[in-house]
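Just one chain is shown here, as structure tokens, and it is the form predicted alone.
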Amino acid sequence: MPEYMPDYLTVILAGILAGTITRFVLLRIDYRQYPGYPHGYLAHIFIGFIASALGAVAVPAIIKPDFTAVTFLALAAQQFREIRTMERRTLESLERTELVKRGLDYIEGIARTFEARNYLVMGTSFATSVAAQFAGIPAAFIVAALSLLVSLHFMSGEVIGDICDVVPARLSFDGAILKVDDISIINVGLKPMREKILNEGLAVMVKPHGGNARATVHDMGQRSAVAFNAAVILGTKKDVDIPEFTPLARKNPDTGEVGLYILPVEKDMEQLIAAVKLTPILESARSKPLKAGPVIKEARNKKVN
């Protein structure tokens, strides 16, 4: 069937181009500062190119029909899971030298994100190729643009600012205990350290909007992510063997509010509030106990009846 080859080639190239561009747009350095090195960019763009090619080639394979050829998508899914494992191992290795830890939950969330982006790229490539095959190149451009917008929407996600209010808080000492408003943070034994913290430190209070938000910020991994984001954006004066300068987020057990303390390089309260609000909500920390209430109540009623 040589007369069909140019059409198939156009369809495949349109899908590959749309998918690769989508991967390039999604692969951007942000406030999490990862990936931030040339080899990381090159590896992920190349893997995105492969994902695009797989999605684009699937369309001619189905039309031909050559359903056996479509089974390579299962192999692609396995490879994308390997990407997730690779990213997790890389970040866990980097974690050993971080003065302010991301936390294992944050690392797992980033690894899942990199895996999911390849599926979005494959979907964009497939949808663009379908449009190019059945509606022409102009329609393929429109579908590619819409797919890119959908990918950006899926990758944005919720942040702390969506479920909590973040307000300035006061640092004080009760004896040697550092407090953010009424939340105890850490024991600081040396008087010069206490004076430095009061003079140069910043603190905010994270106030959940409701029960679901309170359960989310209760998660230790989520609080570690908040402290890490604040340290990345404002910097921190913490160094090796100075635990008193470690950014810490602690919870008020009675109200569920979280107090964050940091000794920043740049003392800017507005930037600190913005950094906390921009912290992504981790998948492992998402919790909606309020939705479980009616289900539990219904189950109890059935048991009683």
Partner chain sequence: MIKMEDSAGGKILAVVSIKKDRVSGGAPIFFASNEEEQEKVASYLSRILDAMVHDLENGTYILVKH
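Numbering follows the first chain given and starts at 1. Quantities reported herein were computed from a predicted structural model and do not represent experimental measurements.
Another form exists, predicted in complex with the partner chain; not displayed. Remarks below refer to it.
Note on contacts: among Val159, Val150, Ala176, Val167, the single residue with a heavy atom within 4.5 Å of the partner chain in the model of the complex is Ala176. Here is the short version: of Met155, Ala145, Met220, Ala139, the single residue with a heavy atom within 4.5 Å of the partner chain in the model of the complex is Met220. Taking the partner from elsewhere, no residue among Ala230, Gly235 and Leu278 has a non-hydrogen atom within 4.5 angstroms of the partner chain in the model of the complex. Taking non-hydrogen atoms only, Pro65 never approaches the partner chain to within 4.5 angstroms in the model of the complex. Among residues of the shown chain, Leu248 is one whose heavy atoms approach the partner chain to within 4.5 Å in the model of the complex. Of the heavy atoms in Val188, some are within 4.5 Å of the partner chain in the model of the complex. Although the partner is absent here, Gly103 is a contact residue: one of its heavy atoms lies within 4.5 angstroms of the partner chain in the model of the complex. Comment: 239 to 247 is the region of 239 to 247, 56 to 64, 266 to 274, 40 to 48 lying near the partner chain in the model of the complex, near meaning a non-hydrogen atom within 4.5 Å.
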